[in-house]
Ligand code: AHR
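One chain is shown next in structure tokens, namely the form predicted alone.
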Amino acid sequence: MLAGMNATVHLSRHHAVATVDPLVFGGFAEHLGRHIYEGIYDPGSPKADAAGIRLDVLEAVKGLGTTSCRYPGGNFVSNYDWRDGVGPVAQRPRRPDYAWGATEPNTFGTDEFLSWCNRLGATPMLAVNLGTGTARDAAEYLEYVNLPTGFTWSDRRARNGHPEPYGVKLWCLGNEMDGPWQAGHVKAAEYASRARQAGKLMKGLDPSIKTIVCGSSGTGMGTYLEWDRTILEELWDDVDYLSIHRYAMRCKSSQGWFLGEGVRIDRMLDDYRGLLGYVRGRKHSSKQVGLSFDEWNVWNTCFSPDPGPKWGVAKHQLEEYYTHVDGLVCAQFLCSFLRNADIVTAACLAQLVNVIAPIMTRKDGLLLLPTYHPIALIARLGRGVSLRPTVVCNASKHVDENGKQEVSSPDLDAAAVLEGNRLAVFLVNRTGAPLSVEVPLSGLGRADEVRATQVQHDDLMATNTWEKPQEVAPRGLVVTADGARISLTLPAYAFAAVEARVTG
């Protein structure tokens, strides 16, 4: 084996991070492009049922391992009146959507979404409008969704065919309110005031809910961390999660820089770990506020929506045919979440269908893109207690597109979880050469029943097409265990999920 082509992943029960919260495998459904219309809801498709729900999409989202779903936005929510999307469909208004320059017909709304979540078996996460909306609007939304009958809006829900409360527990107090692009954007102090009032009314009506407050939209914001500090200091005692977002952008990166995305995600989470500890210390508080990483993905369009007719319905916006390298980066997002399971307690892939998504549709079928498979494998196997891996391997240095920032990327990215006696190890080979990987088990026991699945392609830009839907797909990988260690050769540019039973 050539020098530098070896890697060792040391694991120990004594290096436990936290139990992974299943909510980290969530998704996001926004009224944007063809996500809702022609995506999860498409009455004109032969794949849809009588309610207009695409059954093939529903099954594919289940296969992705989606445990929760955020709705209805995103930028869309900051000029959205939830009342437009309830009641008899024929009476719902058509509205211009400020965020995406489209027409919103409102034929799919809250009741349809919550029914879809129930069929999916996913926990709903609803967002309230704190851009152009008020605290009273937010409280009335919660009344419609969660309160028993006997009140104006809960009685309206019953008349709409849903007499029992939905009991939604997760509520986002606005979206990306730090962003000047956001309808109703305000400075941090004003947003904190809006969030406090909305949260107070909502928890007053239903104390069982958990609220998610807006943090920074990304590390590139001029107010990054300062915005978050202000919000946390103002609202620490009143909220349960801080929302953070990140999109990795291949179109602005060199290949090596892009493949080192996991290092930058870890750095971002280190920033937030320090901030959470700082505010908690300043407050002399025993309370913990978790991170809701409720928008994450690769976004290669560089924030330039595809051209389309102004005010069209279901415009073809932000549709990406993801490649193999995008899948390797998506795997690194989730590996970082697992390594930081003590603070990342919810997360949402943005988004699920057609719009920067792992699933693409046409009227008669769907296509799974290369990002789908690593996400699905980690979501299925990444349950239990996260173990902090110590990875010993070579590293390469890469600079950003401006030549100003440098990152040292280890050849191998790794995460691991232990559930009872079932071990799962996730590996990403960032290099163009095979890696001989060993996982000593002295800190865990002896391994048997070992198997591995890989997603690999020699061409980082390989994708799946309607003509070749399996070009990038999961395949078996040879792995061995002699009891004391697991060994495998991880091909170039590969993701692998290794499963084993450990005893002793």
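Owing to the predicted nature of the structure, the values given are computational and were not obtained by experimental measurement. Numbers for residues come from their place in the sequence shown, where the first is 1.
Note that the form predicted together with alpha-L-arabinofuranose (AHR) isn't included here; everything after this is about it.
A.B. asks: Check each of V439, L32, V455, I40 and return the one that places a heavy atom within 4.5 angstroms of alpha-L-arabinofuranose (AHR) in the predicted bound form.
C.D. replies: By the 4.5 Å heavy-atom cutoff, the listed residue in contact is L32.
A.B. asks: Of these, Y224, W299, F151, Y98, which has a heavy atom no more than 4.5 Å from alpha-L-arabinofuranose (AHR) in the predicted bound form?
C.D. replies: Exactly one listed residue reaches within 4.5 Å, namely W299.
A.B. asks: Can we say G74, E295 and I356 each have a non-hydrogen atom within 4.5 Å of alpha-L-arabinofuranose (AHR) in the predicted bound form?
C.D. replies: Each of the three qualifies.
A.B. asks: Any chance Q351 has a heavy atom within 4.5 Å of alpha-L-arabinofuranose (AHR) in the predicted bound form?
C.D. replies: Q351 belongs to the contact set for alpha-L-arabinofuranose (AHR).
A.B. asks: Is there a heavy atom of N175 no more than 4.5 Å from a heavy atom of alpha-L-arabinofuranose (AHR) in the predicted bound form?
C.D. replies: Judged by the heavy-atom cut-off of 4.5 Å, N175 is in contact with alpha-L-arabinofuranose (AHR) in the predicted bound form.
A.B. asks: Indicate whether alpha-L-arabinofuranose (AHR) has at least one heavy atom within 4.5 Å of a heavy atom of R194 in the predicted bound form.
C.D. replies: No, R194 stays farther than 4.5 Å from alpha-L-arabinofuranose (AHR) in the predicted bound form.
A.B. asks: Would Y278 count as a contact of alpha-L-arabinofuranose (AHR) in the predicted bound form, using a 4.5 angstroms cut-off between non-hydrogen atoms?
C.D. replies: Because no heavy atom of Y278 falls inside 4.5 Å of alpha-L-arabinofuranose (AHR) in the predicted bound form, the answer is no.
A.B. asks: With alpha-L-arabinofuranose (AHR) left out here, work out from 239 to 247, 258 to 266, 387 to 395, 359 to 367 which stretch has heavy atoms within 4.5 Å of it in the predicted bound form.
C.D. replies: It is 239 to 247 that comes within 4.5 Å of the partner.
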